[in-house]
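Here you get one chain, nothing else, as structure tokens; it is the form predicted on its own.
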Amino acid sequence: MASTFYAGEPEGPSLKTESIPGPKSTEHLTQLDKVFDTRSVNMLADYTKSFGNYIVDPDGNTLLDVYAQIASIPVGYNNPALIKAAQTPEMIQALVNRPALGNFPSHDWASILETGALKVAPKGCNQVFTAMAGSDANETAYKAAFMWRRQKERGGPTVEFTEQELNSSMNNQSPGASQLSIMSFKTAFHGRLFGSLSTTRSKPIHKLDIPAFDWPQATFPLLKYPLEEHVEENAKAEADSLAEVEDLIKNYHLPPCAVVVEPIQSEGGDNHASPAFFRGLREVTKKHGVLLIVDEVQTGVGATGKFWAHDHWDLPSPPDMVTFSKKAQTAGYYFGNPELRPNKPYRQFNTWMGDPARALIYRAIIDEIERLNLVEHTAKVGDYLYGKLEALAAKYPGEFANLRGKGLGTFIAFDNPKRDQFLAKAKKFGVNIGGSGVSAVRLRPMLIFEKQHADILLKTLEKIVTSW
């Protein structure tokens, strides 16, 4: 069945070679390996032929892509609306005259943000700091948190820095270098730059050999599934986690000025917590004057059936900052409190401070999501897919263990004891799927993923577990 959204999408997977990579892909990879590290390559793609939900390789293999560049493709490969946006005079200007935004923003930069990124700003947020990538978004949010906290301790934005602060900062010493921290959670992933890496706790391979800050980590609730069978245990796990967060806020030797949390720990294994847990986290941070940074790099822009995953929580007050990237195709953090703007220029600054070309693409993505009602669509398709997966889990015990993501759009995962083999087999059947954590299979389809794509995926999943 053809796509409802875009004419010309393949009707299903098509395999031309016995294995992936095929001969042409292997030839290209050999050439690439001479100049670029290819050890993490999942598969080589031919983006001139990929379209919609399907990724195509140089050998002509066409795979249904439910990994979508690690959850980063929102409205399909070679989306006509995005191509049209890329061909506008506005885009040409942004590409050939890339500005150092902090110093030389274009005359229409406010309009680009207001009609794009800020049009979908989370509740309570009316400003945005644009950035280059998810790690960068989190790092700059952390900087904002540190400067906000020290400004409060100093007595407000008009209080000047002391000579001791200025001089000691140049030696990476206190009081100029603050003795504060950012709290994160065990099994979290917040990026691979120095500050963000210190809050990343998912896999040792990310962190080995890299100097790190002495920052605290709390235990993320380890929920048991099915949820309805473990209500008391899960409630205790969440209560214990919140108690640990409060204890660390009160007693850690480097006081946390912010807590950063993912709505769903993605890289760390697709770990969930209840809306009540996150409401409790907001209350604890408010109680102790600590900022709450919600890392929506992977969960944002519609994948959970709401534009922002934290919209599912019904928070008593909004997060202080919300970081984003991936499906937005740009990056940054949203905020509302004007005190999160540093008191002097150049404190939150770099050459690019984002990219107008990517901001224009984000605006086109937002327009396309709204035109096709893709957030509500994703919620409905996710419910359909989850129900079918529940049936598979009942039919094949152990193969779709700890199924999670009910009511969260297509942001669905399950555990499989042969996870790596599972992913490899999926390719042989024409589907590109990703993993997370130790044993999770994570589904990250695009917002244009439809029921017919779900049916192809479900048939493939059953083929995999019956082919061991």
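Note that the coordinates shown come from a computational prediction; the quantities given were computed from them, not determined experimentally. When you see a residue number, it is the position in the sequence shown, counting from 1.
One more form of this protein, predicted together with a further copy of the same chain, exists but is not displayed; see below.
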Checklist entry - Is it true that Ala110, Arg154 and Pro211 each have at least one non-hydrogen atom within 4.5 Å of a further copy of the same chain in the model of the complex? => result yes
Checklist entry - Out of the stretches listed (193-201, 283-291, 224-232, 243-251), which one is close to a further copy of the same chain in the model of the complex, meaning heavy atoms within 4.5 Å? => result 193-201
Checklist entry - Among Ala424, Val438, Ala401, Val41, which has any heavy atom within 4.5 Å of a further copy of the same chain in the model of the complex? => result Val41
Next on the checklist: Exactly one residue in Leu392, Val159, Leu95, Ala239 has a non-hydrogen atom within 4.5 Å of a further copy of the same chain in the model of the complex; which is it?
Outcome noted: Leu95
Checklist entry - Taking 4.5 angstroms as the cut-off for heavy atoms, does Pro122 touch a further copy of the same chain in the model of the complex? => result no
Checklist entry - Thr26: heavy atom within 4.5 Å of a further copy of the same chain in the model of the complex? => result no
Next on the checklist: My question is simply whether Asn373 lines the interface with a further copy of the same chain in the model of the complex - judged by any non-hydrogen atom within 4.5 Å.
Outcome noted: no
Checklist entry - Is there a heavy atom of Pro275 no more than 4.5 Å from a heavy atom of a further copy of the same chain in the model of the complex? => result no
Next on the checklist: At 4.5 Å, heavy atom to heavy atom, what parts of 143-173 sit next to a further copy of the same chain in the model of the complex? List them in sequence order, or say none.
Outcome noted: Lys143, Phe146, Met147, Arg150, Arg154, Phe161, Glu165, Leu166, Ser169, Met170, Asn171, Asn172, Gln173
